[in-house]
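In the block that follows, a single chain appears as structure tokens, in the form predicted on its own.
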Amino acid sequence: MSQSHNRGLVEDFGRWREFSAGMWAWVFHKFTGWVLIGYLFTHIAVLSSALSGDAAYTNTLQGLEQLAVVRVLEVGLLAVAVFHIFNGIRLLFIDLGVGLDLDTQEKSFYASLILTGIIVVASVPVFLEGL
């Protein structure tokens, strides 16, 4: 017979303080994956404007590039994609048996966050030039 565990209430929003680095890595990986799927559909919608002709596609891109909010969203997209890549590589190594202990997993999660931050901060001037 299986043992029952008390997992707390679903509405208990204070449980996030108990999350370990591994749980945060899982939450961020799921979140970034869903954001990338959402971006995929947005990307397809923008690319579909090319079906109306080259002028419509060019006008769509030029209109989007002039909006400051789009530039900020591009920086956010970079952060999401880079973290998802680094965390995916981290998970690949864990699946291959490298770094199975919790201390190594925690360090690799924080390393992926730090590397993501460095890359995003270094890329901000490129995204914001021309505004």
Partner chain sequence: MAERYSSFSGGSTRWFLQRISAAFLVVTLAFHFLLLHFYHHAPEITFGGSAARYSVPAYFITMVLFLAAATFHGTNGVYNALVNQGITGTPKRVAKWVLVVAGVLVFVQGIRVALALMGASA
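Positions refer to the first chain, counted from 1. The structure presented is a predicted model; accordingly, all values stated were derived computationally and were not measured.
There is another form of the same protein, the form predicted in complex with the partner chain; it is not shown, and what comes next is about it.
- In the predicted bound form, the partner chain stays beyond 4.5 Å of every heavy atom belonging to residue 72.
- When contacts are judged by a 4.5 Å heavy atom cut-off, residue 47 counts as touching the partner chain in the predicted bound form.
- In the predicted bound form, none of the heavy atoms of residue 68 sits within 4.5 Å of a heavy atom of the partner chain.
- In the predicted bound form, at least one heavy atom of residue 57 sits within 4.5 Å of a heavy atom of the partner chain.
- Contacts of stretch 85-105 with the partner chain in the predicted bound form, defined by any heavy atom lying within 4.5 Å, are made by 85, 89, 92, 95, listed in sequence order.
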